[in-house]
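Okay, here we've got a single chain as structure tokens, the form predicted alone, with questions on binding and movement later.
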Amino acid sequence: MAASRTPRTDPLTLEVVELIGSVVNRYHDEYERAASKHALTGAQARVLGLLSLEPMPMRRIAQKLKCEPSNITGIVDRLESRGLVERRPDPADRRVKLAAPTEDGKRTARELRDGLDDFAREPLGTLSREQRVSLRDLLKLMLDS
């Protein structure tokens, strides 16, 4: 019989969970503010930022952003209607369509990144390499359990 785990609700655990939530909320709030300066939603800005790194199929965008592919289709449709994204055949498999930024899309993604507040642009900027490695390892440990 598997041992049941008792929930950890000690003050330290609650504080850590609260801090993780605060980091995520602050990042998203700053990203939303920067996106609105370009008349984009936060979701549109995240998709555009992701595509500025490399063109990709919508299914992969959905996997990276942890959402439904149908949501990505609508976001890409809106970005495409604004001339920021285009669909093109995948050279490796012409049956697959890639979403790719246009030149305007690349410029907008760059301006978006440059317009982020320090925290959203580089949320780990105040941490040393050792601290970032420790944080990464702790987060992996949390997600793997």
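The numbering used is simple: start at 1 and walk along the sequence shown. Just so you know, these numbers come straight off a predicted model, no measurement behind them.
We do not show the form predicted in complex with the DNA, though everything after this point is about it.
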property: Position in contact with the DNA when the complex is considered in the model of the complex, options 33, 107, 87, 113, heavy atoms within 4.5 Å; result: 87
property: The DNA contact in the model of the complex: residue 64, any heavy atom under 4.5 Å; result: no
property: Any non-hydrogen atom of residue 53 within 4.5 angstroms of the DNA in the model of the complex; result: no
property: Heavy atom of residue 97 within 4.5 Å of the DNA in the model of the complex; result: yes
property: Non-hydrogen atom contact residue 59 with the DNA in the model of the complex at 4.5 angstroms; result: yes
property: Residues within 4.5 Å of the DNA in the model of the complex, restricted to 23-55 and counted by heavy atom; result: 41, 43, 44
